[in-house]
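What follows is a single chain, given as structure tokens, in the form predicted on its own.
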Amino acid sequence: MGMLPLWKSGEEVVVDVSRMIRPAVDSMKPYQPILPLDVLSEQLGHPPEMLVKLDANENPYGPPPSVLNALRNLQQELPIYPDPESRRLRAGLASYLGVDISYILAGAGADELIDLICRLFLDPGDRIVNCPPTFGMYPFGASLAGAHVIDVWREADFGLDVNGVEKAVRENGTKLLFITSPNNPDGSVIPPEQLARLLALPVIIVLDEAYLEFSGMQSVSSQVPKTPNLIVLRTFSKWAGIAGLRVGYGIFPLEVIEHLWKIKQPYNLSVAGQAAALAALDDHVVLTERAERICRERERLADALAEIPFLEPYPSRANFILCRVIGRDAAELKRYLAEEHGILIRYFDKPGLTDHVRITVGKPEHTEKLLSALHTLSATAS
């Protein structure tokens, strides 16, 4: 005798999907990404070529010609799955970093690696320490894993509260500590002596060096093989100008990376991303020169912004400048620049940053257009 059906044809099936959603996800707030250029163009009524995009810390010079050539020569590779271990890219990174290939894992942006780290270490109810204001993907990844986020807020100048971090780690049984140098959104760096203090804590430290190439500092990647609780994350998005291809990488202790290989998606990095990143490494001299050009423009922009009466720029070692807005509404400043001049900047509507805007360093002509708009607004208000 066959099995009886659980329902009859024509019967309404009622499923309460909301009760099946994981509580950690149900209570999460979504991450707010930057809108793409075509969408912003349509919203603002400005042609895309007239917009000055200074809101997402992208490289205004884009990739070097070698990257474009590498992408043009992918006809044979496109029908084939990519190398799941990104061997050629990792070998290039090993040479570039001076770190053995066995410590390196490539990902679809550093975001994927943050997600993998959280999946590897965090069970529901575990704890991480986060140091806001900072990059929003750290608490995002932890919350997705069902972990608790302990915020140790930065000082008024955005420096780390090292005493507070030490206290939070020791009192809460924390598994992960996420820190960024240079930090996003302010561009401050972590002094070596502070990092040494943090590495003495019983916690895995994830140091995000996404903006390192603009800082004038040396990466601490070489310390990973001899430091069992240090993970370093890097990216090609900013320095190499290929944010649209999503290529990041991490340097991990061997005891960590062996487990990451188990849980990453088999073909996580596309053939296009691998080819572009490898070509960028081959052209690293050109990219370094462009980064230096951006740093020079950053200093010029910072000096000019300090002359605007309603802006107070913070020192930055990244490719952006955070400014406190004084005597006017920061959200309104963002709207004015976008709608009246087609200049896109970032406004943060969250604690500690509600009166702040962040401006990506663009080309000199982008600086001139921004300053002209700011001076016009200043003259109108006075």
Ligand SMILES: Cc1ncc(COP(=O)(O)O)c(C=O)c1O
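Predicted model, so just to flag it, every value in this text is computed and none were measured. Heads up: residue numbers just count along the shown sequence, starting at 1.
Although not depicted, the form predicted in complex with the named molecule is the subject of the following passage.
Given a 4.5 Å cut-off on heavy atoms, tell me which of 160-168, 197-205, 92-100, 231-239 is the interface stretch with the named molecule in the predicted complex.
Result of the contact check: 231-239.
Which of R154, R246, R127, K264 has a heavy atom within 4.5 Å of the named molecule in the predicted complex?
Checking each option against the named molecule in the predicted complex, the one that comes within 4.5 Å is R246.
Quick check on this chain: which one of A110, L176, I117, A276 has a heavy atom within 4.5 Å of the named molecule in the predicted complex?
Exactly one listed residue reaches within 4.5 Å, namely A110.
Contact of S86 with the named molecule in the predicted complex (heavy atom, 4.5 Å):
Output for S86 is no: heavy atoms all beyond 4.5 Å of the named molecule.
With a cut-off of 4.5 Å between heavy atoms, is S221 one of the residues that contacts the named molecule in the predicted complex?
S221: no, not in contact with the named molecule in the predicted complex.
Should F135 be counted as a contact of the named molecule in the predicted complex, where contact means heavy atoms within 4.5 Å?
Judged by the heavy-atom cut-off of 4.5 Å, F135 is in contact with the named molecule in the predicted complex.
At the 4.5 Å heavy atom threshold, is F214 in contact with the named molecule in the predicted complex?
Contact check for F214: no, nothing within 4.5 Å of the named molecule in the predicted complex.
Would you give me the residues of 182-203 that have any heavy atom within 4.5 Å of the named molecule in the predicted complex, in order from first to last?
Read in sequence order, the lone residue that approaches the named molecule (within 4.5 Å, in the predicted complex) is N184.
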